[in-house]
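In structure tokens, the next block holds one chain alone, the form predicted on its own.
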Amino acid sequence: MAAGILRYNRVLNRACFVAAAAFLAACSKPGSENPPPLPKLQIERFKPQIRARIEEAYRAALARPDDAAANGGLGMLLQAFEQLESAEACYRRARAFDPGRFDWAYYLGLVQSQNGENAEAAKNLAGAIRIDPGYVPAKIKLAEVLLILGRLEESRQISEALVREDPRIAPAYYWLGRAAAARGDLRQAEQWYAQACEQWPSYGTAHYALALAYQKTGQTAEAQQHMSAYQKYQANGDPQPEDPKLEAVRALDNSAIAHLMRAVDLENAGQLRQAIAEDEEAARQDPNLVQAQANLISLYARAGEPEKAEQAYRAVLAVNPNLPQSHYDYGVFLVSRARFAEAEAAFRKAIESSPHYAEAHSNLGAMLERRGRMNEAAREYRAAIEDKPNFRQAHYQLGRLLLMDHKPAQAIEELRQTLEPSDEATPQFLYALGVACAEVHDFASARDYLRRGASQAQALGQDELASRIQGVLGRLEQSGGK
């Protein structure tokens, strides 16, 4: 499957919806209730850059109070700026005046679900699907809302119909798993969650649910593997079908801050080019929005555009020469270019601006270690740990230095702080801890840590590391460390 946002065929066969027909037929007909009055908006409370747009849409709705498009258009604008209660009133009016329009039923269901009005959301989402039985995002949202309401069978029917029609829809498997788990059928839940992860390998929420299910059924190794995957992918965001209706709402918020926030979401989803475009637009709209330029330093570096990374750093300095993140990200960029002396200076600037910047202390320590200044490096690692006690990488770096300095007992104290939570870095930490235990002749612990490290490395596909650990374990046993 191509990377990035899932793209589903919007024109699905109507048979996809047959399994849920009984539920949908039971929902009340649209437009049967009297519309609420238009919300009373205090235009002056909106930010100046959006005030004129809100006022124009509001005047149109006041001038044409029975016009569904005017009411719905105002609702979309209000939803875009997170005025959900007012948006709901506008959508209810639009739905009453034009009950056959999919948009108003769908948008109304969405904002009601966000407001926690799940029973009403289910009714309106079902109404939307009656109008357009092929709109996948509406079905996925309805399956979720029904599950929240405890209507497990109805949720299951909708999700099963979705996967029968298109087996690529990972969220449908996830909601099937949730429904099975709610019924107490953990084995079935495991199968559905596993299929969700198979369809979308970076589906962090599904990995987490699968890890919990495995824990409950005593499958410890499998649980650890999927918890590690969750730790790796949790920031990526969950897969969603292409939703042009919702995108039409989001596009209405065209402010610099909105572009900045979209850039963060896209970066978390691994879509660097799209994130760059959003940050560039945010910076274009508001040159003083220094955070957009700061974010571009790292994004350009990761995208292989070093000249632009340099330009973004200089742009930040022109607005705010004391932004710690910009110095830190620039330092990381310089490390990637093997410009270590300049990177050290950048990390020092980050610390000057923010003395308790743990990551900057840790990276400065690594630069000092490269130059053989081990005592100074150790001080920086300790500073990082003092600022951030659960900073596993700093504990590991300090533990390594202590081990190299023939202080294995102290190294063990640091390395033991690296084992939770379990993720893709854990095998390396277990490896170091096993070596440290062997140094103090605690061979039982050394064997245990090394075996765990090798096993987890293999499970994570870290074959070279697994081989190295197995080699150390073999030599340990040959030397009599049994």
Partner chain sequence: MRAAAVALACLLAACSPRAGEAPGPRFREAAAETGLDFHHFTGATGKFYLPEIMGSGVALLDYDGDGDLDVFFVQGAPLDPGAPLVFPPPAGFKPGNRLFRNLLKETGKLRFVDVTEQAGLASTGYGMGVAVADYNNDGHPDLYVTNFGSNVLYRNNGNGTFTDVTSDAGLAAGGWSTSASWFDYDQDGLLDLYVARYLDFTVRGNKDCFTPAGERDYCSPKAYKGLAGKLYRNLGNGKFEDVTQITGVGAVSAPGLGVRAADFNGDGRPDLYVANDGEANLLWLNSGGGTFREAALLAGAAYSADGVARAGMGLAVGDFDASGNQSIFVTNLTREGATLYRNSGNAQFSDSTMQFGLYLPTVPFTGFGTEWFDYDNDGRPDLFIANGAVTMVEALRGEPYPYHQRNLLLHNEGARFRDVSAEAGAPFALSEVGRGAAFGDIDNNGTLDIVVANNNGPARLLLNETKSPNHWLALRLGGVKSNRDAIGARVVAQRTGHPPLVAEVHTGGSYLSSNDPRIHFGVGDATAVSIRIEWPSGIREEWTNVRVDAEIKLIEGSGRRIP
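Quick caveat, the model's predicted, so the values are computed rather than measured. Numbering follows the first chain given and starts at 1.
Below: the form predicted together with the partner chain, not depicted.
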Exercise. What stretch, of 403 to 411, 80 to 88, 159 to 167, 331 to 339, brings heavy atoms to within 4.5 Å of the partner chain in the predicted bound form?
Worked result: 80 to 88
Exercise. For Arg373, is any heavy atom within 4.5 Å of the partner chain in the predicted bound form, or not?
Worked result: no
Exercise. Looking in the predicted bound form, any heavy atom of Ile50 within 4.5 Å of the partner chain?
Worked result: yes
For this session: Report whether the minimum heavy atom distance between Tyr230 and the partner chain in the predicted bound form is within 4.5 Å.
Result: yes
Problem set entry | Partner contact for Glu359 in the predicted bound form: the partner chain, 4.5 angstroms, heavy atom | yes
Exercise. So which of Thr205, Ser298, Gln397, Gln195 gets a non-hydrogen atom within 4.5 Å of the partner chain in the predicted bound form?
Worked result: Thr205
Problem set entry | Proximity to the partner chain in the predicted bound form, single hit among Gln188, Gln114, Gln311, Gln393 (heavy atom within 4.5 Å) | Gln114
Exercise. Going by the partner chain in the predicted bound form, which residues of 338 to 373 come within 4.5 Å of it through any heavy atom?
Worked result: Glu352, Ser353, Ser354, Pro355, His356, Tyr357, Glu359
